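Presented as structure tokens, the chain that follows is alone, the form predicted alone.
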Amino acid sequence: MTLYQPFLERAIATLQSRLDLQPYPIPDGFERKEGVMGKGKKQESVITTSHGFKSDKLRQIRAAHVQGGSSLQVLNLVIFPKLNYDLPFFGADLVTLPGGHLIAIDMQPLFSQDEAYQAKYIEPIMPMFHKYQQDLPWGGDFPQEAQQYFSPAFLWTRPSQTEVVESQVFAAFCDYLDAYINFVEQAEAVKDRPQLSAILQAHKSYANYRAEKDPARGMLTRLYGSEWTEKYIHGFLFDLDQTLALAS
């Protein structure tokens, strides 16, 4: 079993037990893709699998799981609410490279400057953030332009020990996901037109930024080529523009 397989299995089991999940369509060629990384004796096969679900309040729940042995382990899980809810996004980027672990878990706000929004969705989870921050210290600077897309409860850390990932990071991942599902269960549909318009713009901004700046682009391109990678990023990982275009 790979490092992040238990994370993926727990996430799917939790979501299935608490929400009425339906399959989210995964375009042909994206469910499973195999490639090779490294050369000579250091060459390792890499398998990328994709998982997609949706529910009555969530437009897309999707995960990309990259398994490359000792050279590469990645789980990227993002949850996009439907456009008539003011729910934040759920995002978990769990990355292990030969040089160490990069962990990012957050409920990414639609409106990072809105005090009422912060009080509704961020303040309730700050005690949880502070609890985990004691064992998972801040991972250092990240781009200024990205900061608007993260909350004050952004858990960003670089643990040096795999045991910490298997214990504290796993616990934090589960707790953040549980807290997010609590918000989903309580969420009520938005009917105010200006607010719906603002939600749509926030979704577009987030999806376009994430697609443009996806840190996995270089890795996926080396593994599978540029054409496949761009289709994967825009046609599955961050497919809002494509989805809206098909709906119009």
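Remember, predicted model here, so these are calculated numbers, not experimental data. Residue numbers here begin at 1 and follow the sequence given.
Another form exists, predicted together with 15,16-dihydrobiliverdin (DBV); not displayed. Remarks below refer to it.
Site annotation in the predicted bound form: the residue of Lys33, Arg210, His203, Arg59 reaching within 4.5 Å of 15,16-dihydrobiliverdin (DBV) with a heavy atom is Arg210. Taking Ile199, Ile181, Val46, Ala64 one by one, only a single residue has any non-hydrogen atom within 4.5 Å of 15,16-dihydrobiliverdin (DBV) in the predicted bound form, and it is Ala64. Using a 4.5 Å cutoff between non-hydrogen atoms, Gly29 does not count as a contact of 15,16-dihydrobiliverdin (DBV) in the predicted bound form. Using a 4.5 angstroms threshold between heavy atoms, Val74 counts as touching 15,16-dihydrobiliverdin (DBV) in the predicted bound form. Looking at Gly69, you'd find every heavy atom of it more than 4.5 angstroms from 15,16-dihydrobiliverdin (DBV) in the predicted bound form.
Using a 4.5 Å cutoff between non-hydrogen atoms, Asp114 does not count as a contact of 15,16-dihydrobiliverdin (DBV) in the predicted bound form.
Taken together, the three residues Phe142, Phe150 and Asp214 all lie with some non-hydrogen atom within 4.5 angstroms of 15,16-dihydrobiliverdin (DBV) in the predicted bound form. Here the chain stands alone, but in the predicted bound form its contact with 15,16-dihydrobiliverdin (DBV), taken as any heavy atom within 4.5 Å, falls in 214-222 among 51-59, 186-194, 214-222, 36-44. Contacts of stretch 64-97 with 15,16-dihydrobiliverdin (DBV) in the predicted bound form, defined by any heavy atom lying within 4.5 Å, are made by Ala64, Val74, Asn76, Gly91, Ala92, Asp93, Val95, Leu97, listed in sequence order.
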